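This document starts with one chain, in the form predicted alone, laid out as structure tokens.
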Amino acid sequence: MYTTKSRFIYLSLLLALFMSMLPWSGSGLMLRPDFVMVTLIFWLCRAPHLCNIGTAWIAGLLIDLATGGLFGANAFAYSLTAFFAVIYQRRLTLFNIPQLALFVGALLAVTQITQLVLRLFAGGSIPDWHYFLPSLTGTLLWIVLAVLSASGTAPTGAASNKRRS
């Protein structure tokens, strides 16, 4: 029923969920990236046929249940972000890692802005600028994931051009 790759995707999402539920405190809590969203963006770009908007919605519901926040807020934010990631997924193959990092940072900011707007509608207060630090740390985490995954996959740059000749 499930392929090995889809099992690996869901296992990595489960690991990201556990990382999000660790007892963070102090500056670690302020800098903690959204592990689940970073993992979702990674798989939405790498394997959109196995990880899609529905997967993002379910992951968001699980985060909502785990955190006890406004039910459906993370699900909506994750689904909206996944929608933008899937729309531009084909174009991303032309980007290098710094360009992809900007795109991922924008996607993480979309997630946080959506969550902020939903919290404001629910009667929450406006946070300070530290609220957006997880987008920055999430982008840095995504860069590490992208570099690690690229080191074991297809060749790039001049080495790739030599093989074609």
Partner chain sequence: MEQPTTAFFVRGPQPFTRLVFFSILSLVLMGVDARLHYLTEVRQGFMGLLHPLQVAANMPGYWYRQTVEYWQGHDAMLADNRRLRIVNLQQGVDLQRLRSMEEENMHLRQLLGAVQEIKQPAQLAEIMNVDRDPFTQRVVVNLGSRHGITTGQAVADGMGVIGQVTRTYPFSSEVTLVTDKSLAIPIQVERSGLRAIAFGHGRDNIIDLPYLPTNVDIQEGDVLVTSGIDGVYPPGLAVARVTSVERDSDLTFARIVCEPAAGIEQHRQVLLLKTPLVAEATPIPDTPAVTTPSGKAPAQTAKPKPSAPASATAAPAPSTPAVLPAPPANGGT
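Keep in mind the model is a prediction, meaning the values are calculated, not measured. Positions refer to the first chain, counted from 1.
One more form of this protein, predicted together with its partner chain, exists but is not displayed; see below.
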| query | finding |
| --- | --- |
| Partner proximity in the predicted complex: residue 99 to its partner chain, non-hydrogen atom cutoff 4.5 Å | no |
| is_contact(residue 45, its partner chain) in the predicted complex, heavy atom dist at most 4.5 Å | no |
| Partner proximity in the predicted complex: residue 57 to its partner chain, non-hydrogen atom cutoff 4.5 Å | yes |
| Its partner chain contact in the predicted complex: residue 140, any heavy atom under 4.5 Å | no |
| Partner contacts in the predicted complex for 42 to 76 (non-hydrogen atom within 4.5 angstroms of its partner chain) | 48, 49, 52, 53, 54, 57, 61, 62, 63, 64, 65, 66, 67, 68, 69, 70, 71, 72, 73, 74, 75, 76 |
